[in-house]
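Shown below, as structure tokens, is a lone chain in the form predicted on its own; questions about how it binds or moves come after it.
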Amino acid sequence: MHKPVLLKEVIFYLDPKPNENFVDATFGLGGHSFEILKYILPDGKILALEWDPYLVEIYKKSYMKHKNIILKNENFKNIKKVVREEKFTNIKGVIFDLGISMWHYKNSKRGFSFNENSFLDMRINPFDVKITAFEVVNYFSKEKLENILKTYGEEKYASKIAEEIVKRRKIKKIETAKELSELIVRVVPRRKKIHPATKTFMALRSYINNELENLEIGLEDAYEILKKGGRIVVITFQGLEDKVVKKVFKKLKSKGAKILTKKVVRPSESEKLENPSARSAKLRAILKNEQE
């Protein structure tokens, strides 16, 4: 069973009540939405956005017949457009649970996981995103590869990895996630529990799917669609996402918003033990001031 991260904390900061409306900007496997639903019945509604069309199909076919959830195959950068099209109003809160779901790592066969022998794709929506990780890895210049790894992954071994990729692809194209991660393991020293390929995979995924740029647009627009007294809760899993959230929240604060999390909220030790994927999670929340 999928375990949503920081669930109690999300409910605390969103503060859902009967008959209120919410937007789940990153539906994924639905964990946060189904929990929020318990608090907003009978007439509250959730507008859920999920960018991966395959995930949307899976949910529409299974248990997504719930009248209180409207599921749309959209990226959160289009949150304003979807809200307008659905005539979805009186929005009390928006939740962003960033990154990709466990389904992507375990079932999508798109090369998100280091140990997979699947093709280096890494597109969250293969219909919207035209470039694959295979193309980036095999055809971008050493300089461009190095820049992507530094900018989107903060990888200090970027130069070494880019050099090794260029050397290897001359002999044979790097086709699978496993081939790429094995190459990185040979040039990056292993530290603690973090796999040496973590930052490279994150950088490629983030670059290909325009994740950081989309997040900035999505957060600012989410604030616009909120009613006064509404809240945004964001869960990040890596430093660059968190930097974007802090930057946008700072801008919104200057417009009168109130930051609800003076310090970043992290999972408890017991949650980290129970759900290791929660380890790097950070939660921040903001309130749209009643006076605005």
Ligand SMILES: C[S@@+](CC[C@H](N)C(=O)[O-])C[C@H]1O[C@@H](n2cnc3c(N)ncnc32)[C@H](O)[C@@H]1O
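Residue positions are given as counts along the sequence shown, with the first one as 1. Nothing here was measured: the structure is a model prediction, and the numbers come from that model.
Quick note: we don't show the form predicted in complex with this ligand, though the next part is all about it.
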In the predicted bound form, does each residue in the set 27, 30 and 76 place a non-hydrogen atom within 4.5 angstroms of this ligand?
-> yes
Name the residue from 104, 195, 178, 150 that puts a heavy atom within 4.5 Å of this ligand in the predicted bound form.
-> 104
Sort through 217, 100, 71, 208 and report the residue having a heavy atom within 4.5 Å of this ligand in the predicted bound form.
-> 100
Flag residue 204 as yes or no: does it have a non-hydrogen atom within 4.5 angstroms of any non-hydrogen atom of this ligand in the predicted bound form?
-> no
With the cut-off set at 4.5 Å between non-hydrogen atoms, does residue 248 touch this ligand in the predicted bound form?
-> no
With heavy atoms only and a cut-off of 4.5 Å, decide whether residue 133 touches this ligand in the predicted bound form.
-> no
For residue 55, is any heavy atom within 4.5 Å of this ligand in the predicted bound form, or not?
-> yes
Candidate stretches 31-39, 226-234, 248-256, 261-269 - the one whose heavy atoms come within 4.5 Å of this ligand in the predicted bound form = 31-39
Are there residues in 39-54 with a heavy atom within 4.5 Å of this ligand in the predicted bound form, and which are they, in order?
-> 49, 50, 51, 52
